[in-house]
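As C-alpha cells, one chain now follows by itself in the form predicted on its own.
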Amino acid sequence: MKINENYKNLNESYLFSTISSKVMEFLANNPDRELIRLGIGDVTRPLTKSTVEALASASCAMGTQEDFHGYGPEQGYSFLREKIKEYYLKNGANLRIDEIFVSDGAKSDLGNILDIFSTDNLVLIPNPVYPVYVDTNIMAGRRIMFLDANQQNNFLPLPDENLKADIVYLCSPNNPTGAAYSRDDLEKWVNWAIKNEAVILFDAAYECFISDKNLPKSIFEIEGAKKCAIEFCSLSKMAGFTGTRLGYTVVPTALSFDNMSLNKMWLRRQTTKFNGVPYIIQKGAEAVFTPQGQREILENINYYKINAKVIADTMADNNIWHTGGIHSPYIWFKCPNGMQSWEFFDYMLNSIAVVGTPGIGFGSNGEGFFRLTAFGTYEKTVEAMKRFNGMLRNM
C-alpha cells in the first residue's frame, strides 16, 4: 500500500484552521473581551422567508406517500435547473438545461472537476487566491504556475502572448481581493484560452454583489466562452446557504477536447461519484429564484453591501490603499505602517479584539495585505471600524 505523497507538499494546516487556533487562544486568555469576527466569509443573515417556507413544505411532503422523493437525478431536478437557466438568461447568458449541474457547493465542484483533466496539465493560478484552487491541484500532483496579481494591476492580472497554460482559474468578483473583471478584461481571457486551447475554470460565487451592468456576472456573457470555460456558482453568499449547501456548475456542450465532450465527461463523473443534492434543499433553492425570493435576498445582499461601505470608507478616510467593497463583500487593504500580514493579524486581534484574514494566507503576493469581510452585523461592523480608527491613532 502506498499513500498519495502529494499531500506532503501541502501546508500543515488550512488557513482558517490556523486563524481558529489563534482566536481560541486569545479567548482563553481574554474571556471578558468582546471579539468581533470579520475574517471568515460566512454569512450571518438568516434564510429568507420564502426559502424557509419552501424548505418546510418540502419536508412535510417527504412525510407523505404521494410526495416522497428518494434518489433524485444526480445533475439536479429539472424544476431547479430551469430556474437557474432563467436566471442566466436575464443576465444575457443563454444556457441549455443539460449544461447545468446542481451540487452541494462550489467548493466541492472546484475540486471535483479536476477528475476530468489529466494530471499532466499545467495549471495557471493567480496569486493571491482562494486556497482551494492551489491545494486541490497539489493533492493531484499537477504542475502549478502562479500569475502575479498585485497592487500595480489592481489584483486583476491579464494574459499576454507569452503566457502558456492548460487550465486557468479566474474568480470575479475576486476572493480575497474583491476586485472584479470588466467585460473587456474577460474578453481578453476568453480569446487567450481559445487561442491556446486552454480551459478557464471561472468562479462566480460572488456575482450577486455586482450592481454595475458593465461588469459581467457570468463568463458566458462573453462571446466564445462556451468553447473554453466552465463556471462555478453557489447560493452560499447569494441566499445564505452556507449551512444548507447548494451550488451549481455550468459545463457547456460546446466544450470538447480530443473529440471528447467535457459535458458528457462531467455527467459521467457525477453519476458515478455523486448522489445529488437532497430534494428538500433543492426546493428551498427553487424559491430563491422566484420574483419574491429575489427581492428578499436582495435585501440581505444590500445589508452586507452597507457593511462593506462602512469598512471601505474607513480605509479611504485613513488613506489606506484598498480594493473591493463595492461589488464584493470583501475589502482588501494594505497593512498599516508596512506591517506583515500575520504581524498585523496578531496586533489587531490583541489590541482591539477584531479578527480578519492575513493576506499571506492566500499566497505570497498577499504578504503585507489584509482581508476583512462584510458578513457581520451592521452594529458590530460599525463598532469594529470605531476600534480600528482608535488603533490607528495609537500606532
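Start at 1 and count along the sequence shown; that's the residue number. Note that the coordinates shown come from a computational prediction; the quantities given were computed from them, not determined experimentally.
A second form of this protein, the form predicted in complex with a small molecule, is not displayed here; the remarks below concern that form.
Asker: Any idea which of 107 to 115, 279 to 287, 138 to 146, 263 to 271 reaches within 4.5 Å of the small molecule in the model of the complex, heavy atoms considered?
Answerer: One stretch meets the cut-off, namely 107 to 115.
Asker: Exactly one of Gln75, Thr314, Ser236, Thr323 has a non-hydrogen atom within 4.5 Å of the small molecule in the model of the complex; which residue is it?
Answerer: By the 4.5 Å criterion, the partner-contacting residue is Ser236.
Asker: Could you check which residue among Phe220, Trp189, Tyr133, Tyr304 gets a heavy atom within 4.5 Å of the small molecule in the model of the complex?
Answerer: So the residue touching the small molecule in the model of the complex, by this definition, is Tyr133.
Asker: Heavy atom to heavy atom, is Asn175 within 4.5 Å of the small molecule in the model of the complex?
Answerer: Although the small molecule is absent here, Asn175 would touch it in the model of the complex, with heavy atoms inside 4.5 Å.
Asker: Looking at the partner-bound form in the model of the complex, is Phe155 within 4.5 Å of the small molecule by any heavy atom?
Answerer: Phe155 lies outside the contact set for the small molecule.
Asker: Any chance Arg245 has a heavy atom within 4.5 Å of the small molecule in the model of the complex?
Answerer: So Arg245 counts as contacting the small molecule.
Asker: Ala205: heavy atom within 4.5 Å of the small molecule in the model of the complex?
Answerer: Yes, Ala205 lies within 4.5 Å of the small molecule in the model of the complex.
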